[in-house]
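In structure tokens, the next block holds one chain alone, the form predicted alone.
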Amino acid sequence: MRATFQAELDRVRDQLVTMTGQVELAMSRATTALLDADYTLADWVIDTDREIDTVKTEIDDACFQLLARQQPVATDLRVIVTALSIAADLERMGDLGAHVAKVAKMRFPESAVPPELRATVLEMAEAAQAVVAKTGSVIAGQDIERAKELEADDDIVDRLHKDLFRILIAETWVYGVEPAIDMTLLGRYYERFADHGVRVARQVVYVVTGVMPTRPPAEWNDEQG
């Protein structure tokens, strides 16, 4: 019975890792669609979001079945409840990729990103994708050391988000209100995408230690559970 239960937990973990790969690819392709004004690729991202939603539903169903059949306590209960929360965060990350793709479609056949902001947007997207790539390895290996790195990666996204906002409110902005709104939304999408990745990492730390980290990442190893 215990072996079966552990196998089902392992399958849930594997599905969570699968979701991280899906949302990373979705955001990568959404960014390409945004910068290249690629309507077809934007459509692909939006369609793929439905697949991410399906995996999330499968994880939810599996976790609820485990709760009902096994009535877990202590660490096992913590693992299942946290898996539900992680799946919700990853599903939201998929939604954010779809939001980027929708902006790309809305401004087609032009790119929504002014030429001088292309490098900033690309850097922001790459930093956000680095967060979710590490998130997958954190989930797979319950790696607290790797989880610490995500806080620093998220700081990069936050800095780029602030840089973007300063450009938008500067007197030198010449593109008008509509592009400013687009860029404000896009910056927020990337920033929130990375934030959800950090939330996932913190929840993995909670699974391992029994304590949700509130202290600086360097102190996470000191948490006891």
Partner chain sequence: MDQRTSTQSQPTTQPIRLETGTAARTEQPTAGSAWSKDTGAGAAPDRSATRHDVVFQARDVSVHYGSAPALVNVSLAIRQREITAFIGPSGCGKSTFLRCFNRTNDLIPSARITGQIDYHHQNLYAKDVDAVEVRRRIGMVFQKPNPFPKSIYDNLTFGPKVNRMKVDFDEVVETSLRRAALWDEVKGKLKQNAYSLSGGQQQRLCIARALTVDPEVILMDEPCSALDPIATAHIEDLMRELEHDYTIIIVTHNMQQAARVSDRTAFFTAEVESENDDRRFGRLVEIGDTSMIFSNPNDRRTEDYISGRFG
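Every value quoted in this text rests on a predicted model; they were computed, and no experiment measured them. Positions refer to the first chain, counted from 1.
Keep in mind the form predicted in complex with its partner chain is missing from the figure; the text below concerns it.
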TL;DR on 74-82, 145-153, 98-106, 126-134: the one with heavy atoms within 4.5 Å of its partner chain in the model of the complex is 74-82
In the model of the complex, the residue from Leu9, Val204, Val17, Leu25 that sits within 4.5 Å of its partner chain by heavy atoms: Leu9
Given that its partner chain is not shown alongside this chain, does Gly210 nevertheless sit within 4.5 Å of it in the model of the complex, heavy atom to heavy atom? yes
